[in-house]
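Before any questions on how it binds or moves, here is one chain, the form predicted alone, in structure tokens.
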Amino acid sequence: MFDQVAAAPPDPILGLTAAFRADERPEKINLSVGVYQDETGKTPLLECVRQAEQRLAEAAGTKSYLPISGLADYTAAVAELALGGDHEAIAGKRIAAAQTPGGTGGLRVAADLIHAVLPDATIWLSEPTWPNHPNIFAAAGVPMKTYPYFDAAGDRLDIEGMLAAIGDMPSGDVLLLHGCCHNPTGVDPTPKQWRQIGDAAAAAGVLPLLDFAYQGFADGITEDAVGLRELCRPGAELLVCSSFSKNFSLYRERVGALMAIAPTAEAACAVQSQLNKVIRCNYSNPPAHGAEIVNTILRDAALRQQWEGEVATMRDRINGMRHALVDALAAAGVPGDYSFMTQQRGMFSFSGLTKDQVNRLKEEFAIYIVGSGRINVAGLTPSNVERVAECIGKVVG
């Protein structure tokens, strides 16, 4: 039967990585996939992770299943990291939570939950958004629409268009937001704009869903939660999908979580039962190791301090390479003003490069960038940034 099956198209991001690996040109540079790299081009194993793993190995006693919702200490630590330990939603037991296989797993569980308990809801995605968002919600059978987000002409957030769109959304729909470090644009709301978004969502009666994958990579661990904490008002409802692939450099361990914040403790219990139901018929139980690493670090004062320092190092390197690229583009005489890149946040930069220019960079210069023009700034290093700038100049000049 399988000889009748047509080949699926490659993933727009991971497919580029496969092509990059097959490219035999020694000068090749990968600026596509969202993976942090240090100044040598390597994805590091954090020292706090190394120490946590040593402790876990010495204390290991069982490989039995975790509960359906995962490690309870871990999901509690995730809530405290995101909201702050003294948040009223935690004290009021308004949170249903589950450990998930990565942030992508959390999004799929959220999609299945929406399909199960909000069958008439449409989810609204920013234009543009992470290319895998539509795939996830389509696979779960959740209808989708888009709202304006990025003003390309002004290289800024289209807050006016966004607020107008939220005001027109039907009550009961779901609003997908990027908690920080918007992927792919790197353009985030200001604290004032987050307050406006929260007010508009509350007035419209829509359910916010935050994809919170980069906490600590914009301005700081607490600072990057400003949007989430603005939306999580007393009695408010929302969904939050967390990922620790980036800020703990635990990509292959698939460490994520989903929080469903309900208006009351009783409602949270009911939502928890529905979360467990959709997880049971999907992957049944989450893997333990990555969550145990994160929990060990967050609950040990010395390891927590070390982790915050290592996150700051990664954040500072990313921000430094943003400025280095803008300086290199100017030094290479590339037409146009690219200073807007220094205002973007997180790993990604919406460069403004066209699909034809991106294709030329790949074919002629072995520089791999997503077709939208999104650059992974963390893939830049002191040894390649000048070449990247020079090659950009050749395709846009």
Ligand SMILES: Cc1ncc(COP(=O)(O)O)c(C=O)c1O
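Remember, predicted model here, so these are calculated numbers, not experimental data. The first residue of the shown sequence is 1; numbering continues from there.
Separately, the form predicted in complex with the named molecule exists; it is not shown, and the next lines address it.
Though the named molecule is absent from this view, in the predicted bound form it lies within 4.5 Å of a heavy atom of just one residue from 102, 186, 227, 216, which is 102. Comment: the named molecule is not present in this chain, but in the predicted bound form one of 304, 254, 87, 277 has a heavy atom within 4.5 Å of it, namely 254. Taking non-hydrogen atoms only, residue 246 approaches the named molecule to within 4.5 angstroms in the predicted bound form. Using a 4.5 angstroms threshold between heavy atoms, residue 130 counts as touching the named molecule in the predicted bound form. Among residues of the shown chain, residue 178 is one whose heavy atoms approach the named molecule to within 4.5 Å in the predicted bound form. Taking non-hydrogen atoms only, residue 107 approaches the named molecule to within 4.5 angstroms in the predicted bound form. Proximity to the named molecule in the predicted bound form, taken as heavy atoms within 4.5 Å, picks out 205-213 from the listed stretches 317-325, 192-200, 266-274, 205-213.
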